[in-house]
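Just one chain is shown here, as structure tokens, and it is the form predicted on its own.
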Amino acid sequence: MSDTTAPKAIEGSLGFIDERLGSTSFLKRNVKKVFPDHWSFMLGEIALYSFIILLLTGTFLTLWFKPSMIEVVYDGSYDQLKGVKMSEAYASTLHISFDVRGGLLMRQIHHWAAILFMASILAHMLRVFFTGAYRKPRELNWLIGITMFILGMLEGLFGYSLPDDLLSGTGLRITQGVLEAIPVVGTYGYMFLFGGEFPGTDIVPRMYMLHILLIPGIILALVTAHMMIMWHQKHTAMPVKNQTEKQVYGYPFYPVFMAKTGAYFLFTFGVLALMGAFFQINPIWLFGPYDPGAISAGSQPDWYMGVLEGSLRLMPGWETNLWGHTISWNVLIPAAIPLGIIFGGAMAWPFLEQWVTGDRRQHHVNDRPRNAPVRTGIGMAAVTFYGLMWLAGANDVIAEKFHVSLFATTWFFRVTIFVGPVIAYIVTKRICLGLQRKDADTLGHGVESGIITMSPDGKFAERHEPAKEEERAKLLAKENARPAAPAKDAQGIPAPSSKGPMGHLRARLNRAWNIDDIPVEEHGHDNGHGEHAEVEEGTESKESKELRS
């Protein structure tokens, strides 16, 4: 809960602003806004801190990086490449790494921050999905998050392609192939980005503009929109004691949340600085300048592009020639279908779930993943699909490390990307239902106390005690399955939403969503049912006596 009285420590500053802008009523009202507290909420904050560090370190690198493909002869401090012809972009990156004070550290912090940014966004999105935090009224923020992840992939691709080393040039070669495989508009897209024959002299300057201006600007605008919507709608909360759909329970923005978020930012920066100092990443001087006629074994992109790499490696070499035009299915399908399924499915999911369940209420308290087994199962199926694709991007490395043929490794992934998600869905759903039964048992029978008692006839049993109030509040947060709307009214007239193929499909999906629901509710606790109660009280029921006689 919050009030409109500003804390005394900042009352003077707010007064200064109010006398000039007249806007402190908003600040006074919101400076004590309550934020729920849970460790998983920090994942989104880490993404924000990483983005800030990316902007700061990226600004430093722009002071020395030269986005030019003009050929120069290297004459810097790295002796192994002295006298070698290379692009000015590659030479300036070597200059930053070996001749600018702190340059290599900044490069490495920048790269690690990009990796952490993408990892924290993905982890944050998984948390939002598995807890149902995308439900009404937060669908827009869900779509913004997915868009930011896609833009982050492009930003990362353009960023690590700028140095024009052998590894990044190989990635650009793949980018060229993907663009040209798109029917009708692909060649136009290729010309806009590359400006001529591959690799050409325009690609690095154009990627540089996209990398430092357009894409960061869009991401910054989306981050701002994301924060404003979150502030307006208030943060979701995990099911805890005193937390309801209408009352937020947590800590005020000032001073608790501000102190915590400041500490988390410094901690994130410290970790990235240590990683930049001690863990080498993207050593372009070892790869050498890009040569279209050369390739190195074991080349891997950054992890967030691994899924695209894997899908390309698994696709058979299918091509179709029609009326003098070649359609490269071996590039078009892996570039569009897997990512289309993952991102398109993720964008459509909140609206699909709402349509299937008929739940159009606003939700401010999250679900525990076990309480939505279908959603959790589908989420794990998607994670499995994504993970297998990602692993397939390293099929050559896996084949070498495990001493199996590359052919066998490729076929293994071709099969498991279809079988694995199905198994993941079934196993995850059964685990969720098992956990629901455990929750129902805890409410019905209490928790084990660790106290063993002996009955007068020598039987031993453990005493059960009622669950603590905090635990009960968490368990009782589960909503039992809501019955579907009747397909026909009292006069036998079908409801409009149940008519036609779509109505039948919706009814079937609704039944599949709710069919295995385990009720989790209180039944009136008796300090341990049946045998436990008998042992503690030293009595036996008539049925027990009959069974023993």
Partner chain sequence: MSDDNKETAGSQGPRGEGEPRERVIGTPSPARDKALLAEDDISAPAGSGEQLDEQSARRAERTVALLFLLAFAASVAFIAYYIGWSGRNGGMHGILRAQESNFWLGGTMAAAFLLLAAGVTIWVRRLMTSKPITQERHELTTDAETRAAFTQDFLEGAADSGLTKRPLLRRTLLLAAAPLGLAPLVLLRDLGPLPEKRLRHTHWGEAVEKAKAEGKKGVRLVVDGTHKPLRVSDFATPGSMITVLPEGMEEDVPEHDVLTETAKAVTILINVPESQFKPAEGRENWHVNGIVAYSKVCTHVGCPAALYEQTTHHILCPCHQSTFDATDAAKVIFGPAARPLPQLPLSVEDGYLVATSDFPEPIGPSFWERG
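Numbering follows the first chain given and starts at 1. Quick caveat: nothing in here was measured; it's all calculated off a predicted structure. C-alpha atoms forming the largest set that superposes within 1.5 Å between two forms make up the rigid core.
There is also a form predicted together with its partner chain; it is not shown, and the following applies to it.
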Even though its partner chain is not shown here, does residue 418 get within 4.5 Å of it in the model of the complex, heavy atoms only? no
Just to confirm, residue 245 within 4.5 Å of its partner chain in the model of the complex by heavy atoms? yes
Do residue 216 and its partner chain share at least one heavy atom pair within 4.5 Å in the model of the complex? no
Look up in the model of the complex whether residue 479 has a non-hydrogen atom within 4.5 angstroms of its partner chain, and give yes or no. no
Quick one: from 443, 207, 178, 307, grab the residue that has a heavy atom within 4.5 Å of its partner chain in the model of the complex. 178
So which of 143, 435, 339, 104 reaches within 4.5 angstroms of its partner chain in the model of the complex, heavy atom to heavy atom? 104
Given 125 to 133, 376 to 384, 228 to 236, 350 to 358, the stretch touching its partner chain in the model of the complex at heavy atoms within 4.5 Å is 228 to 236
Though the partner is not shown here, which residues of 133 to 163 have a heavy atom within 4.5 Å of its partner chain in the model of the complex? 137, 138
Look at residue 461 and decide if its Cα position differs by 2 Å or more between this form and the one not shown after superposing on the rigid core. yes
With both forms fit on the core, is the shift of the CA atom of residue 419 between this form and the one not shown 2 Å or larger? no
Look at residue 452 and decide if its Cα position differs by 2 Å or more between this form and the one not shown after superposing on the rigid core. yes
